[in-house]
Structure formats: C-alpha cells, structure tokens
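Form predicted on its own, single chain, as structure tokens, below.
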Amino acid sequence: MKEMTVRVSRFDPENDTEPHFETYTVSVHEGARVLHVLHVIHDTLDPTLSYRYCCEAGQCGSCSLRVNGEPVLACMQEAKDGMTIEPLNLPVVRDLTVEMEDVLARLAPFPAREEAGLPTKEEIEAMKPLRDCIECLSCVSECPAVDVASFLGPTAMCQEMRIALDPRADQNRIRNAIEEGLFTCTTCQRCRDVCPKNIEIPGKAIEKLREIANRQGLTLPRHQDVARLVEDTGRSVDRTKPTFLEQVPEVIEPDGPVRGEVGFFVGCMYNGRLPETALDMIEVMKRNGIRLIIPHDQVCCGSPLIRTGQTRILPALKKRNIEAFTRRGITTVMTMCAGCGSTLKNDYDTPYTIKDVTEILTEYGIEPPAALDIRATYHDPCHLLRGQGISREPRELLKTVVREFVEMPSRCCGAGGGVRSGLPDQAAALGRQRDDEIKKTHADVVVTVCPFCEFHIADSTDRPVKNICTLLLEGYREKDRKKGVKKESE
C-alpha cells in the first residue's frame, strides 16, 4: 500500500454556484488506477462523491474524466500522488459526472438493409479502426469547433464514416454529416491525441467523409475555388505581389563556411502571401552556415485539397514535388509551414527526410542572437505540435532571443481544415478565443511557426505576430548594432 494526496473537483448544483476543489489523502495498492482512488474516497471518506464507471476494463467509456488537464479513462490511467481530477469539458451534472446523453442520443443509428450480405474481409478491415470508438466523448470535450459552431463532434463523424464504409447500410448519410458539422472541423488533431483508442479521426473519418462529399458535389464553394486555383496555377493562393520564388535564386550560399545543406519547400503562403518572412529565414540560414537549394518548379503540397476532401489531382502534385527535389540530389527537405511539413511527412512517401525549420536550426546549433527586451508567448501550430510532434525546438530558439518567455495553453487558432476560407465566422470566433489567451500572458509579441496561424492570429489580436525566424533575425541585427556602437565608443 502507498499513500497519495489528490485534488478532486466537486460541484453540487443544489448548493454550489461553481465547482471547487477538495483534497483527499488515501492509501491504495501500488499500480492503482484513478478509478481505484475514487472508489477509496467514495467508500471511506466521502460517499457523496459522484462519478461514472461500468466495465472497469477500458471498453465502455463511461469513466472518462480529466487528470492534470488531460482526458483519460479513470479505469486505465495510473494514479499519481498530487494529481488533479476534474470532469471532462462538458456540462457538469455533479462532481465528475458530465452530461453525455444529449450527444450520444443524436449519434446516427445504423440503417441496415434487409437481406444485407456480410461485409468482405477488406471492408471489415477498413471499418475496424472506427469500430474501436467507445463513445467516451473525450474528443468532443476537447474539440475547439464544438465551442463555437453547431458541430456534433468527432464521435459523430466517426460513426458517420463507419456507416459509410459498411455495405449493409441502406442509405447515404453524407448530407446528414454535413448538417452535423462536417466542414466545421479544423483538423487540429486534438481529438486523435486524447482518444483512448488512438483513432485517427481527422484522417480516417473527417477527411474521408469530405472526399465522399466532394464526389457528390457537396464541397463548399470557397473550397472548390481553392482547388481550381491549385489545378490552374499550382498554388492555393493567387498572386497579388512578387512571390518569394520570383525574388530568389535556386541556390543560396551562406555568408561563411558551409556547415550543412537543405532543400527548401516554400509552401503557397510563404511564396505568395508572406514572402518577407521566408526572406528573413534566408538571412538566418546564411548567418548560420546552411546552404539552401530552392527548386523553382515545386508546387502546392496538396494540404488544402487533402483537408477539404478534393484529392483528384493530388497524385500529380506529389509526383511533381518529389521529382523537384530528387533530381537535384537533395537528401533533406526543410519546411517553414506547419501544414506543408505535416503533409510531406504524413501524406507523402518521399525518398528524402523532411524537417521543420526549427528542427534544422536546433540540430545544427545557431549563433546566439542578442536578447531582445520583450516578453513573448508562443502559439503551437496544430500541424506542428500534433502533426509533427514538435514543441521543444521552437521554444528553445525563442528563449535565446527574448528577455522573457511565457507559456499559454495550446489550442487551435481556427485557421486550419479549410475553416478560415469556408466558414470565416467560425474561424474568427476561434481567433477571438486565441486572443483571450494571448491577453492573459501580457506578452509584447506572439511567436509561431506557421503562415496560416501567423496570418489568422494577426487578424484576431492587437499584438504583433511573428515567425521565429523573423525574431531571430531581429536579434542578430540588434547584436550587430550593439557591436557597432561598441566599436564607435572604442
């Protein structure tokens, strides 16, 4: 037996105006789960504690709650001393018990055909990942779109895709999925991260449903415009000023000795909308001895098409991009755009390595910049944090160039998944939520590593929003300025 002290959220709607925490010290066996701790509290200390459980084997989903802010199954999560136990981010009925019936009652029933035959082995294999859903609603509780739109949530999309894959279903439910909010998902992948069954809901359900919608002519008009633009020009944004690729040669040598060489996949946003940021990156690379090779025949990676279900021309885009780098003998391709990086890493089969700019700078090591006299916070791009598993590198770089760094919660800004273009009001609402968190940090500047986040957050806040490379360049310029002042004084 071992002793541990835990904090538990309590809320009695008859007596409390808001939830509060109570602290309990209990003795449990080594390896006890969170559910065992709740049993001990209920049975020996406070029989009024309310929580749900049923199978105690990770199969029913009823005991889902949050431990230290993260959704878990209480019956599967190991208990730790000092942990904080709270309900899911859903309406609280009492203590750790939340309202689940409203969502579960609206999940699509299975519309079976009479005399339907059995699915084939291939069809069963396709359905299996989606059938693992235990309807714990962890994904719904963390979905940013549910907060701001009429979206039934990831669980509902998982069920709709399962029905779409099952040959025994007697009706096409894609219009129902759209009514339930199919196009409101930002594909931030938070649902995948918190799913106790590791279901890849954005890729296996939502994007696949959007593909079906596209085949039936139900893609949002603005998304169709983007697809036509990619097909006509090779880019997902139209040309409004000189592009990045129009301003740079194919090979850019560093200022000093060559320490490394990478190919640069520009992406549509840095090429057409924010070329100045990509030019800042070049200066940082030159200063740190990294040669850049920039094929001018590269095109859109296809991410906007994948996210919106418009994949018809995707093979051609992939082929063109892969060949653009392989025929130049490039073995490492660097991205600055989180969406491009995630797409190249997860949706392509490349013969070369893909790395984010922050990975490259961290691996090679950089000349220390001057620390700017500012307080900065960092916004995690969804397709960098969850799409590529990168969070440490940008923070390490940022801390070298600012006086003070302050964290804020990682949450989608609302720009992804085609939401900014297709449903701008919803994107703006998520942007306002991001601004609320920015204000709490009292930061002078917001730093990120994604052009969509940079563009969208800048529309949502009054604080300047900068790419980490721009800030590093400012640090180098300040360092040079100070050296110049020192030489003059000497």
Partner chain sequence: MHADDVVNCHVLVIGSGGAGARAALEASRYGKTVLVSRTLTGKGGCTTMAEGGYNAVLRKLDSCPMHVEDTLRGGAFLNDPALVDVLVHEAPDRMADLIAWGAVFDVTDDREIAQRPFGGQRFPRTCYAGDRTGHEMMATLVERLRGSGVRQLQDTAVIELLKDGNRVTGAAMLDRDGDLIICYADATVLATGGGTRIYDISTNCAAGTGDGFALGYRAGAELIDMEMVQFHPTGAVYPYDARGRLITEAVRGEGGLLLNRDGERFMTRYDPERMELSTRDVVSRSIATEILEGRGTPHGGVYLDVSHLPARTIEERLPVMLEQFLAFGVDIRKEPMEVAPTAHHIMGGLRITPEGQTTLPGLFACGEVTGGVHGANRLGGNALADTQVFGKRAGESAGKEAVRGGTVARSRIEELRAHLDGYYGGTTPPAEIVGRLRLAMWDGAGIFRTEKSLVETGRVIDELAALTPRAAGSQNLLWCRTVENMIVLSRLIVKGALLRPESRGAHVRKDILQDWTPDRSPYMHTYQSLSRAGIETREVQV
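Numbering follows the first chain given and starts at 1. The model shown is predicted, which means the values in this text are computed figures rather than measured ones.
Just so you know, the form predicted together with the partner chain exists too; it's not on screen, but the next bit is about it.
In terms of contact with the partner chain in the predicted complex, the residue from V406, L118, V258, V251 that brings a heavy atom within 4.5 Å is L118. Just one of L274, I306, V237, I134 comes within 4.5 Å of the partner chain in the predicted complex, counting any heavy atom, and that one is I134.
For a residue to qualify, one of its non-hydrogen atoms must sit within 4.5 Å of the partner chain in the predicted complex; none of R192, V262 and L314 qualifies. Shown alone, this chain has one stretch from 43 to 51, 421 to 429, 450 to 458, 437 to 445 that lies within 4.5 Å of the partner chain in the predicted complex by heavy atoms: 43 to 51.
Mapping the unseen interface onto this chain, P109 counts among the residues with a heavy atom inside 4.5 Å of the partner chain in the predicted complex. The shortest heavy atom separation between V67 and the partner chain in the predicted complex exceeds 4.5 Å. Among heavy atoms of E200, none comes within 4.5 Å of the partner chain in the predicted complex. The partner chain is not shown here, but in the predicted complex it comes within 4.5 Å of a heavy atom of K128. Applying a 4.5 Å heavy atom cutoff to the partner chain in the predicted complex picks out Q159, R162, D166, R168 from 144 to 173, in order along the sequence.
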